[in-house]
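Next up is one chain by itself, shown in structure tokens, the form predicted on its own.
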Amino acid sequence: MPTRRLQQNLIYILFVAPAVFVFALIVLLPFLRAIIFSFQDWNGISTVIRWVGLDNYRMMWKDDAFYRSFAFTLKYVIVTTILVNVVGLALALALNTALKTKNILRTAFFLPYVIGSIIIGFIWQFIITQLFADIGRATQWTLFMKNWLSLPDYAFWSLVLVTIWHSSGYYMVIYLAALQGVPKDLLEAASIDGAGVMQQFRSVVLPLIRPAMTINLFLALSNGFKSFDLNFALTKGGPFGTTESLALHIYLDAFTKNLFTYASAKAVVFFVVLATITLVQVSVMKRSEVES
């Protein structure tokens, strides 16, 4: 009996070991190295690495650019988290009906998410700078006659617009799967009891799709905080650093200013903030699932 159990454990280890090795090599070891780098002074090129303790973290408290990128990222995360979930849920509700073209529409709404964010950023950069200008000249609408990417407020909403267009289809699929799992007999019973469409949605559908909401809120928060490629391709942090996300800010510090260890300290703080926010969000949503 012990021999058989040992064989089973060896088989489990054999299957799990490659994934654990890859995770440790690509994620865990670089993460631990970044923590060590955050207490050192190194430009990423020199062979001399000095131990500076908490100096990098002390510098961070006086870094206005860091606070500005953090404030922008927080604003971006709040807006996009709300909008992608609202739009994704609205699309899922619309496509959960008996539409003849629902399969085609599902594919069409999900398709942008398949395209890489860098490509999406460059495509929308062309649309905003070229096609919007043509629309403005043709219609004389002031909104389209401005260069959105050169104005801070417009550049922010450009990022939000592209994010919603790019990601809403993914959240739609998760909500759609949850909606299809709602028992129809419960909705029929609620209808017989006199509940209207909105009351059925509020009292029956929403509590039953709460796990999907938990997942989507977690994904929207984490993806929003980690936003880099779309930000880099569309605005590059401009104009004048007003749309510089925290991930892009850390990248620029490390690979354009050669502040490698200082950027590592910022990345560690970024990780702690993101982990705290997502853990709080998941625990709160899980608790509300149990209560409902």
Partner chain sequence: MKENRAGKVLLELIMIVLALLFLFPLYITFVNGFKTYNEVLTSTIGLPKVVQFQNFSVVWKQINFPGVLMNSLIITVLSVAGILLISSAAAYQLVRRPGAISNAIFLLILSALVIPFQTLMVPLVKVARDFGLIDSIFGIIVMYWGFGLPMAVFLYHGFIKTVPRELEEAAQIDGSGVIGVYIRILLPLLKPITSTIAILHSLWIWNDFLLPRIVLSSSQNQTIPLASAVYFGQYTNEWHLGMAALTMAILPIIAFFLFMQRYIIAGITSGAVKG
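Remember, it's a predicted structure, so these values are computed and weren't measured experimentally. Residue numbers count along the first chain shown, from 1. Rigid core: the largest C-alpha set superposing within 1.5 Å between the two forms.
The same protein also has a form predicted in complex with its partner chain, omitted here; what follows describes it.
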Of 196-204, 152-160, 110-118, 181-189, the segment with heavy atoms within 4.5 Å of its partner chain in the predicted complex is residues 110-118
Tell me, out of 91, 213, 79, 221, which residue has a non-hydrogen atom within 4.5 angstroms of its partner chain in the predicted complex.
91
So which of 58, 257, 68, 226 gets a non-hydrogen atom within 4.5 Å of its partner chain in the predicted complex?
226
Touches its partner chain in the predicted complex: residue 141 (any heavy atom, 4.5 Å)
no
Its partner chain contact in the predicted complex: residue 3, any heavy atom under 4.5 Å:
no
Counting only non-hydrogen atoms and a 4.5 angstroms cut-off, does residue 99 reach its partner chain in the predicted complex?
yes
In the predicted complex, does residue 129 have a heavy atom within 4.5 Å of its partner chain?
yes
Looking in the predicted complex, is its partner chain within 4.5 Å of a heavy atom from each of 14, 44 and 267?
yes
Interface residues of 32-54 toward its partner chain, as seen in the predicted complex [heavy atoms, 4.5 Å]
33, 34, 37, 42, 44
Is the shift of residue 276 between the shown form and the other one large enough to count as movement, that is, does its C-alpha move by 2 Å or more after the core is superposed?
no
Has the Cα of residue 28 moved 2 Å or more between the shown form and the other one, judged after a core fit?
yes
